[in-house]
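This document starts with one chain, in the form predicted on its own, laid out as structure tokens.
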Amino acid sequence: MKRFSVSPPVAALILAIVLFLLSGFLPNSYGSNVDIAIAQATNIVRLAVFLGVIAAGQTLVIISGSEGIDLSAGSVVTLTAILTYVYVSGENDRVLIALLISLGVGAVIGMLNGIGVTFLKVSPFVMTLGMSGVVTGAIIVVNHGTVSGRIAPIMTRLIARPVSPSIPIPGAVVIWLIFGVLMWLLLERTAFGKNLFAIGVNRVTAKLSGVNVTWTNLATYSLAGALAGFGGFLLVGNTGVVHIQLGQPFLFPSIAAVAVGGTLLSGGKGSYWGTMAGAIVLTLITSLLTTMQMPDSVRRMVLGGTLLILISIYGRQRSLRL
């Protein structure tokens, strides 16, 4: 008999649904309670958008293998959010340029990470952690701890508010769905995606097969930085405020979302759909613990425990490669 198995993305979605049902959101799913449940579920997904976008870059670097990880993502989110906040200053006509600045700054920081990892042979953990400190220090030096500005009305309308009065879906959710399709196309329908999975499985074999490992690695870290910058742009558009620690709470969950979604931590296998499912699971768990008024220490313990349990269920340790 074939052993019954469920793919990690599907398992993550099933877990999210089970948690939603057990949470008491649907005690009596009749009448107006259905509308309440739908509204609560929509809010969960809306909150998961920003974690999901930030985790997109982590998905790429982890798939690339060789212990790939990006610990500078939180700092990049904070920096690009501040740059957007300051540059836009409430002007709608500056939003597009602010988006390009966020993507560009994130890409430059990511490229520096890629250069350190690829050419200087610095461990991704050490390189990105050091870059995180550099970026955080630069933020403090440039802004002297104070930031003045405000987001543009069009950002609030497109990101934080519903699409229309008749369609009560936040614009951020629609953006995330489009973003998810683009990520799927990138990973599954482009030469870059195929090369990324190849170097994640075995870099020597990929190089012998004609893959430009150096360019792929640089492009991966650059794109990861750009996606973190996009996450910062979306985040400030939703919150309307910035502070020095804005992006740091997303760092560990962004890595956990990738793992919960089924991407092998050793690289070479994974999907962004899984990361999206993982982001929803972690956001739902966090929301439940917050509703129960659990302290931050307990929330961290539960998230860490959930990550360990799901990794054990997926059997990743048996799949690790040299």
Partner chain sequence: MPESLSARNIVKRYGGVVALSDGNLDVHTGEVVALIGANGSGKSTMSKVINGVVVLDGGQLLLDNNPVHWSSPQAAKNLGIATVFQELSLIPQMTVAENIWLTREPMTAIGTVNRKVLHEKTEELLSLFRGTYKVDLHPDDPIVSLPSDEKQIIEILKAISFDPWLIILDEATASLDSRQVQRLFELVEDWKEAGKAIIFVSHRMEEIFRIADRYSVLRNGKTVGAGDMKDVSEKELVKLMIEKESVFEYIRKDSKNGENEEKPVCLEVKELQTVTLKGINFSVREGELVGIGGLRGQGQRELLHSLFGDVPYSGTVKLFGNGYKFKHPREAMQIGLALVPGDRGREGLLSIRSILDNLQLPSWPRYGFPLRIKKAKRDAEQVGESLNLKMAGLEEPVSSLSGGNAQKVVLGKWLVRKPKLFLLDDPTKGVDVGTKAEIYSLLTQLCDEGKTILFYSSDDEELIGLCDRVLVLHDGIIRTELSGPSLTKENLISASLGVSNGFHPESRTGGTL
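These figures come from a predicted structure and were not determined experimentally. Positions refer to the first chain, counted from 1.
Missing here is the form predicted together with its partner chain; even so, the following discussion is about that form.
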Q: Report whether the minimum heavy atom distance between G65 and its partner chain in the model of the complex is within 4.5 Å.
A: no
**Q.** in the model of the complex, F179 touching its partner chain (heavy atom, 4.5 Å)
**A.** no
Q.
Please determine whether G274 contacts its partner chain in the model of the complex, using a 4.5 Å cut-off between heavy atoms.
A. no
Q. Do E91 and its partner chain come within 4.5 Å of each other in the model of the complex, heavy atoms counted?
A. no
Q: State the residue from N143, Q248, S123, T205 whose non-hydrogen atoms include one within 4.5 Å of its partner chain in the model of the complex.
A: T205
Q) Want to guess which of 291 to 299, 52 to 60, 264 to 272, 278 to 286 is within 4.5 Å of its partner chain in the model of the complex, heavy atoms only? A) 264 to 272
Q.
Suppose contact means any heavy atom within 4.5 Å; which members of 177 to 199 contact its partner chain in the model of the complex?
A. L185, E188, R189, T190, A191, K194, N195, F197, A198
